[in-house]
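Only one chain comes next, encoded as structure tokens, the form predicted on its own.
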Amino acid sequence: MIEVDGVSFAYRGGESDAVHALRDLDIQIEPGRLVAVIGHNGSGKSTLVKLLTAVLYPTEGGIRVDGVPVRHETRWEIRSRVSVVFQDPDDQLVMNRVADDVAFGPENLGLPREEIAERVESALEAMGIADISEKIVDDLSLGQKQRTAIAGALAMRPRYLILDEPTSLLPAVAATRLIEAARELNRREGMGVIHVTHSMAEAALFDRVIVLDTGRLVMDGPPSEVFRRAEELREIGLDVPLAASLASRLRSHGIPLEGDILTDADLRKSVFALPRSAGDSG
């Protein structure tokens, strides 16, 4: 379990101009969960990622990952449990060949050569890129680079995988495939996935949505509960998924749509379930 207990963090400038990025944050994330973290720019999402991966350390409070406190002296143990994939894959792809890049992390753990080879093969297959293992990284598409970066994270065999806005530079089709791959990893491997995103539609596909605003936790719950609070979300610069917004408008015009509507599939299903008289009401 990831435990964030009373965590605050301030970036220090001069003596009196510290910038508070997180304030008194309390979060628990159980293993094997699909969790989305949303918030506008400056809400503290990126700082939280850095704290969870022992790049930064709390100014106040504490963080534990499976009981291990996040400290400088435990950083490598934390990073073996929590892997992160960044927005721009070029920021973390360091080797020329795909297979070599995926092997980079396990090699730095000092693992036996046979185990490294097994981890690389497994990670490449999990991301569906075994056929490009010998390709040069610079020759890959952006989507292929992102999958390579995730494969490199998977080869570390983490308990938790953080996706730090990895779809923001991808076309819609590639972004959808990436989210589907993350959900499949969760289902097959039991790996916890924490997806930091600006996309409300992507957040709606996760089991739980955490909402940050000015470094504070303001909402936390299933997507159906969080996105019901549309006005509160808009007040902090966020919105609800398009399907949910359309469903709300239809209901305001007397269309009796049933159930929680968060995705396009939910909306289609609810519309097709309407009695003909409801569809003719306008």
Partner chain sequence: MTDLPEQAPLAELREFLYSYLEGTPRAVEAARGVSFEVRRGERVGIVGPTQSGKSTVVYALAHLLRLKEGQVFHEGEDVAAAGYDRAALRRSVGVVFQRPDFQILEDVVGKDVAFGPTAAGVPAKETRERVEESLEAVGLSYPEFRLRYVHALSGGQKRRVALAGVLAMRAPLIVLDEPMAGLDPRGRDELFGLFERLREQRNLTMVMCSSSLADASLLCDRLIVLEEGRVAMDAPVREVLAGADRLDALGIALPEPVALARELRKILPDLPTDLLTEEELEEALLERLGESRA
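Rigid core: the largest C-alpha set superposing within 1.5 Å between the two forms. Positions refer to the first chain, counted from 1. If you're wondering where the values come from, they're calculated on a predicted model, not measured in any experiment.
Beyond the structure shown, there is the form predicted in complex with the partner chain, which is absent from this document and is the topic of what follows.
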Study note, to complete from the structure: Here the chain appears without its partner; judged in the predicted complex, the stretch of 228-236, 65-73, 24-32, 215-223 with heavy atoms within 4.5 Å of the partner chain is 228-236
Exercise for review: Using the partner position in the predicted complex, report whether residue 171 sits within 4.5 Å of the partner chain, counting heavy atoms only.
Suggested key: yes
Check your understanding: Wondering, does residue 185 line up within 4.5 Å of the partner chain in the predicted complex on heavy atoms?
Key -> no
Review point. With a 4.5 Å heavy atom cut-off, would you call residue 49 a contact of the partner chain in the predicted complex?
Key: no
Practice item. Evaluate residue 10 for contact with the partner chain in the predicted complex, applying a 4.5 angstroms cut-off between non-hydrogen atoms, and reply yes or no. Key: no
Review point. Which one of 179, 155, 210, 200 is close to the partner chain in the predicted complex, taking close to mean a heavy atom within 4.5 Å?
Key: 200
Review point. Candidate spot 90, 246 and 250, all three in 4.5 Å heavy atom range of the partner chain in the predicted complex?
Key: yes
**Study point:** Heavy atom within 4.5 Å of the partner chain in the predicted complex - qualifying residues of 123-153
**Key:** 135, 136, 139, 141, 142, 144, 147
Check your understanding: Core aligned, does the CA of residue 192 move at least 2 Å between the shown form and the other one?
Key -> no
Review point. So, does residue 73 move by 2 Å or more at the CA between the shown form and the other one, with the core held fixed?
Key: no
